[in-house]
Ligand SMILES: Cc1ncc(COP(=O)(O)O)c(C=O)c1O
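Only one chain is shown below, in structure tokens, and it's the form predicted on its own.
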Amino acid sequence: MSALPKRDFALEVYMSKWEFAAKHHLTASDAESMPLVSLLSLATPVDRAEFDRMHLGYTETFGAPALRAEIARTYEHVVADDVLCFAGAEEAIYAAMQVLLGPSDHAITITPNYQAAETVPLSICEVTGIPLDPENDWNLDPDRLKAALRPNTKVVSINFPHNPTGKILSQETYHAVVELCRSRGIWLFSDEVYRLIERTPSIRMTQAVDVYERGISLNVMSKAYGLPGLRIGWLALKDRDLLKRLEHFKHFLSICNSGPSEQLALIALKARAQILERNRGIVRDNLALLDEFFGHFPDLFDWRRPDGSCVAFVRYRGADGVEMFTRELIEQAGVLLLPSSIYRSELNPVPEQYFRIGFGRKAVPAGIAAMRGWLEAHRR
């Protein structure tokens, strides 16, 4: 195995300090979760009985066959044997980069990013960052991607809907990315964890594994489904040799997933239409509140509705700067936001004076009210 990343995971360090201490968690990256009893109420009688009599032994490294079959149904051209389950998305990212890349390879990722998307490959090989353009609605320029390609480029890593901006690529841009990878035989690693929460279904991107023979699609129960406590994620890809290598690498990590979590994930996926409709409704309602809130403070914030996901990257215009703003907000009002310094990249400068706000949970209105009260008391 390659060395572990040398830099701490800044987002997780920050969350470790504040996530459970903050009164108002207004930067959560997941949709609304649910109690165990509520999820079990969605189960078929057969699946509920299977959960109740589950033997708490080891499970299959690839994941339970029934779960993999249900995951496959969320794609257009995937079968159960194309799926490998992991203990959340982070393990899947780590395994994929370690298996795909070697010291003589080159990888490309986008910035800003979920830190593992650059820190893990940087611990293995040279990595180039392609910045999303905040002055052009956070768009990805395929020409910049093309210019960054090298003879030894092995992986291009993307994430749309994007964390933290919520950006979704146009079909034209996405097709250009796929064709660039296809022309060189490059693996396209596509983090799709926010898929199915879009401003409108018409802009939903096709999953990489469904459109490209070397596409690798990452997904998880944590974000759109709002079930991070299950710690169930997966990779879907068509190359069976690579799948076997990934399975062998997983033997050095979690070995296998939690059996109860796999059965609960199966129940949730079978009820996905109901769960997703609830979560989309919460997002829609919270976005309306954010429209009104940011409209009330036009001198302090540049706000635009994101294309998808349940997070957005908002520019702060106050003279005190975003670092002081977010620090005082959490310390004095108990409202947690993520300043852009958390998204610092080794590859490119990340635009300053931004913060991530999350709006996938039912408690968001209370957080908005607390932030409004604090701003009116301190900034007026």
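Source: prediction; values computed, not measured. Residues carry their position along the shown sequence, with the first being 1.
Just so it is clear, the following notes concern the form predicted together with the ligand, a form of the same protein that is not shown.
Checking 153, 163, 207, 286 for any heavy atom within 4.5 Å of the ligand in the predicted complex turns up a single hit: 163. In summary, among the residues 100, 89, 83, 196, the only one with a non-hydrogen atom within 4.5 Å of the ligand in the predicted complex is 89. Heavy atoms within 4.5 Å of the ligand in the predicted complex map, among the stretches 89-97, 168-176, 301-309, 274-282, onto 89-97 alone.
Using a 4.5 angstroms threshold between heavy atoms, residue 114 counts as touching the ligand in the predicted complex. In the predicted complex, residue 29 approaches the ligand with a heavy atom inside 4.5 Å. Taking the partner from elsewhere, residue 220 is found to have a heavy atom lying within 4.5 Å of the ligand in the predicted complex. Within this chain, residue 191 lines the site of the ligand in the predicted complex, having a heavy atom no more than 4.5 Å away.
In the predicted complex, just one residue of 231-262 lies within 4.5 Å of the ligand by at least one heavy atom: 231.
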